Ligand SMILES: C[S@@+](CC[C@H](N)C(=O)[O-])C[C@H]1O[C@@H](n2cnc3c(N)ncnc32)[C@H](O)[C@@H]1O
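Below, in structure tokens: the form predicted on its own, a single chain.
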């Protein structure tokens, strides 16, 4: 009886739940480290379908004993599956610290655990997250998001993590050279800069307005022993971009602030050729800049990467 990828019917009872628990316990594939995708499907189904359904039944019954035992059993299974992931990520982080997983090695490693295809991005019409994001999140040595400490100006956009697939596509389309210096404007918790460095080996810098986010990103890079990843806690209008050759923006700000930053980058482009990569609503405004050329076919979908080069 395969419950996964469906919703539990309202009339699903104790027998069906017991059957699912027994089959999950016997499913040895879920307990093999490499089967991350299947394990995440099972964990999600247990948490959002099975446990929720049991709790709903508990609210309606006057004889809860069997349901309580079932809930205990399924929670134990969930904990066992989660423990496999915890141990997996501890091992992977240790290997990253000693420089074992970089470039193609990292991409090949992730392909062993997560089924992802960059062609999928071509059909995205909104921000999307999936098991690749969960896997990349697991590589972070810090798991608790810090609280924001500074108020944003009206044209600044609240933090939202860049989907991991977008970062992989960014690396695929950017054709980085070893001498490139990558800047992530509005770098948040640092995932983009860290991933770009791991996948390419180039120097990566993040510019972040919020001190707590910047400190978090610095701690992550330090814990992973990434010496060519740095984070600068400043307003993007005040940052030093003199080393930058490739700049990424997932719409960290809009309007006049965005235009002011673009003007700063235009002046940098007079000294050397630069590339700007965008994701989200800022792409439309960047596309209007007369000193930039669209390096990929123009698309009205704002949730496709915009790649621009200076003349």
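Owing to the predicted nature of the structure, the values given are computational and were not obtained by experimental measurement. Residue numbers count along the first chain shown, from 1.
In what follows, reference is made to the form predicted in complex with the ligand, a form of this protein that is not presented.
Exactly one of the stretches 235-243, 221-229, 76-84, 168-176 approaches the ligand in the predicted bound form with heavy atoms within 4.5 Å, and it is 235-243. Contact check at 4.5 Å (heavy atoms) against the ligand in the predicted bound form: none of 39, 109 and 116 pass. The ligand is not shown here, but in the predicted bound form it comes within 4.5 Å of a heavy atom of residue 192. The closest non-hydrogen atom of residue 158 lies within 4.5 Å of the ligand in the predicted bound form. None of the heavy atoms of residue 217 is located within 4.5 Å of the ligand in the predicted bound form.
In the predicted bound form, at least one heavy atom of residue 253 sits within 4.5 Å of a heavy atom of the ligand.
In summary, among the residues 131, 203, 162, 140, the only one with a non-hydrogen atom within 4.5 Å of the ligand in the predicted bound form is 162. Residue 257 is the only one of 284, 51, 257, 264 with a heavy atom lying within 4.5 Å of the ligand in the predicted bound form. Along 175-205, these residues reach a heavy atom to within 4.5 Å of the ligand in the predicted bound form: 184, 186, 187, 188, 192.
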